[in-house]
Each structure stands twice: as structure tokens, then as C-alpha cells.
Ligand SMILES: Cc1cc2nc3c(=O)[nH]c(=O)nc-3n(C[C@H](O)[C@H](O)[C@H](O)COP(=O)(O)OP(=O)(O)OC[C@H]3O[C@@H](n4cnc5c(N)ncnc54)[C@H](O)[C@@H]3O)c2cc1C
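Just one chain follows, in the form predicted alone, and it is written as C-alpha cells.
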């Protein structure tokens, strides 16, 4: 196994290197919410990855002449072992790939994967404080960043503003609570859009200007990462820039 530093540096150096498809073994399927699962995959080859990157997965689909591929973010940390990745998959009703991955894949199955890809990444080199904004499964790459810092032992202040329909649909809810209790550098603020009475959430509405401004004033973030549906990402990005954050310090990733 490569050292922790080598894993990160190798991924950064080889970001543009062509990737080959490989067969990964599903070692575990973790049900996160009624519509989201984590697929733990053992890779045959790994040059490491950066927190926030994603892998492509392709599967054969009946009636289609070629396999269909989709991109899924990695929620795990590249350390201590980048050869095992946790891929977060939310089922899209009517989708060609995600319903198969969430409902039909089992431990022992093989999946064709390729990666890592993406520039939506954070390491301690990027500094902080760090404002993380996620909606639904948009929390997956942000969780990779949080887990990475926990493993790495750095302590840049991080505040996660996380929008879900309810506690039942909040991915990683229990682990996030445990991490927040353990690490002083992490704060998690939930907002539930369909449960106005659950006291486990700080807010009870969709992410908006007042919410972002309130958290930003507490954190005084120097870098921000926003991931979720396009309308959420675009709105949050505009709000942060209006609050004075330099556009180049606001990183975004949109989920369809």
C-alpha cells in the first residue's frame, strides 16, 4: 500500500492520465436511506484519488446495444486505503443505472468502473475554514472531504450545511453526528424540507440566502464546496459571491 502522502500526490499528478475500465468487486452494500445505498468496491488497480472525486460505472441494459455509464462520487477517504472505495448511489425513478445499483447489486458482484475523475476536490493544502453545502446525495463528495480530514489529523474548521427531505433521508446522519461530537473542527447544520417539527434540524426549509449568510457569518469561510441539484448549486454559489467570497474560492459540482 502506498503511503498517505503518495496516494494524494499520485492522484493529483495523474489527473489527466487516461484511465482504463476495470472490474471491481462489490464487498458490501450499505443501505443509507430508503433511496440511497453505498457500494463498497475493491479495485484491482488504484493510483489513489482526491477527496471529492468520482468514478464512472457502466452496466449492460436490456434493449441497449452498449453498456450505459453514469458518474458516482466517492464518499470514502483516500486514506488509509484508496484501493477500496465507497460509492454513493441515489435511486433515480425511471433511471437506467441507479435502480439496478441500489436494488439489485449484491456482495460478490462485479462492476465495471473507471476513474477517478474531477476537480471538485479538497485537501489540507487548500486551506480553510471550509464551507460545505450539500443537498441530498450531493453530500457524498463532501463526506469524502470530512472523512479525509478525520483520517489525516488536520483540523481546518469545516461547517456542513446539509439539506434533506427529513432525518430518514439524511445520508450519513448517524456518522455525521458521531464525527461532530468527536471533532471540534466539524459543525453540521441540517435543514429538513419536509419535516417542519424535527428538532434535530437547525433549519426547516430549502437552502436560501438567509441560511447561507447566517452560517457564513459564523464560519468566515475562505473556501466553499457546493454539491447538489443545479438550481441549489447555482443559487448558493451566487449567494456566497454576493457575500464577498472570491468566485475562484467557490467550487461547485452539479447533480442531474
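Numbering follows the first chain given and starts at 1. These numbers were taken from a predicted model, which means no experiment stands behind them.
If you look for the form predicted in complex with the ligand, you will not find it shown, but the lines that follow are about it.
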| item | value |
| --- | --- |
| The ligand contact in the predicted complex: residue 129, any heavy atom under 4.5 Å | no |
| Touches the ligand in the predicted complex: residue 92 (any heavy atom, 4.5 Å) | yes |
| Partner proximity in the predicted complex: residue 144 to the ligand, non-hydrogen atom cutoff 4.5 Å | no |
| The ligand contact at residue 161 in the predicted complex, heavy atom, 4.5 Å | no |
| The unique member of 204, 209, 70, 222 whose heavy atoms fall within 4.5 Å of the ligand in the predicted complex | 70 |
| The single option of 77, 156, 123, 98 touching the ligand in the predicted complex, heavy atom within 4.5 Å | 98 |
| Every residue of 54, 137 and 140 near the ligand in the predicted complex, heavy atom within 4.5 Å | yes |
| Residue stretch of 178-186, 106-114, 83-91, 162-170 approaching the ligand in the predicted complex, non-hydrogen atom distance within 4.5 Å | 83-91 |
